[in-house]
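The chain that follows stands alone, in the form predicted on its own, written as C-alpha cells.
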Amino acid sequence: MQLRIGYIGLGLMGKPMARNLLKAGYPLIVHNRSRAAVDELVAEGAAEAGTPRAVAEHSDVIFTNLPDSPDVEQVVLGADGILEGASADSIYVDNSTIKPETARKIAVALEAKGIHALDAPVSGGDVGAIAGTLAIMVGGPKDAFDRALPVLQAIGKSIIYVGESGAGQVAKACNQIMVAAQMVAMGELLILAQRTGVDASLVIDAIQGGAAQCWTLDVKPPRLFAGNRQPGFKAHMMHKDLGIVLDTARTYGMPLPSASVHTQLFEAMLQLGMRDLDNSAVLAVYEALTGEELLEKAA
C-alpha cells in the first residue's frame, strides 16, 4: 500500500519539497499558517488539514519544515499537534534546522507513543528544493530511515544516514559553518577584485577551475551580477542557524572563532534591514564598510 504523506510548513523550501512529493505520486495532505501555499498545492491535487493533528491522523509519514526549534516543538508536542494525531509506527520527519537537543527531546516524546522520529535537515537552497536535488542529512532509528528512504528520494539527491537522533542536526550545523564561510569569503573577494579595478566576474571564472571551486561560486555570482539579492535562503535564517552552531559549540566546550565572526557579519545584515535578502547578500556589509558597490553585469 502506498504511503500517505503529510507536510506542515510550506515556505520557501517546504512548498517545492511538498510539490515534489505530490509529483512523485504520493497522496499528500498539507497544513500551513498562511493560505496561499495551501491553495496552490490543493489546486495541484493535495488535500488540506486545519491542524497538525489532522495532518498526522491521515498520514503514514509526517514532514515538518518550520523556522526554529520552538516552532517545531509547538507543532509536534503542543495542543492539536502531531503527537496527538499520529498513530503508532508512523514516521515523523523534520526538515527544519533546529537544535540537536530539541530533535532528541522530540524523538523521545514520540517514541513513547511508538512514533519514529527522523531529524532530516536539508541543504541546497530554493534551487535544490525546486529541482529535488537537496542534500538530506538524517538522524534517528535506522529502520525508520530505511522505510522513509524512498520518500526522501523524491525530494533529495544526496541522502545520508548520519546516526541516532540529533545526528542530522549536528551535520546541518557543520554544513552551516561551511556555508557561512563561503558566503562571507565570496563577498570579500568580489569587493576586493572590484576595488582593485579588476573585473570581478572574470575573477570568478578564473578561480572556479582551481582549489576555490565550490557550490557557492557555481550558483550565487550570476544572481549577484544580475542585481538579484532575493532569497534563496534568507539572511535571518542563516543568522538563526549560526546561533544554533554557536549554542552547540558552547554545549560541548568548543571555540569556533571564524563562525563567531561570520555570525557578527550576518547580525550586521539584520541591523542594516536586510533580514529577508539572500544570505549571499552578506557582501552588502562589505559594501557598507568600503563604499564599494558591486557592479551589475549585462546578461
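Just so we're clear, the structure is a prediction, and the values are computed from it rather than from any experiment. One rule holds for the numbers: they count along the sequence shown, beginning at 1.
Although not depicted, the form predicted together with another copy of the chain is the subject of the following passage.
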Partner contact check in the predicted complex: of 91-99, 166-174, 106-114, 148-156, the stretch with a heavy atom within 4.5 Å of another copy of the chain is 166-174
Note: exactly one of Cys214, Leu224, Leu83, Ala144 sits with a heavy atom within 4.5 Å of another copy of the chain in the predicted complex, namely Cys214
| query | Does at least one non-hydrogen atom of Leu202 fall within 4.5 angstroms of another copy of the chain in the predicted complex? | reply | yes
| said: My question is simply whether Val72 lines the interface with another copy of the chain in the predicted complex - judged by any non-hydrogen atom within 4.5 Å. | reply: no
Worksheet item: Contact between Ile130 and another copy of the chain in the predicted complex at 4.5 Å, heavy atoms?
Response: no
Can Ala49 be called a contact residue for another copy of the chain in the predicted complex at 4.5 Å between heavy atoms?
no
Applying a 4.5 angstroms cut-off on non-hydrogen atoms, the residues of 114-141 near another copy of the chain in the predicted complex are Ser123, Gly124, Ala135, Met137
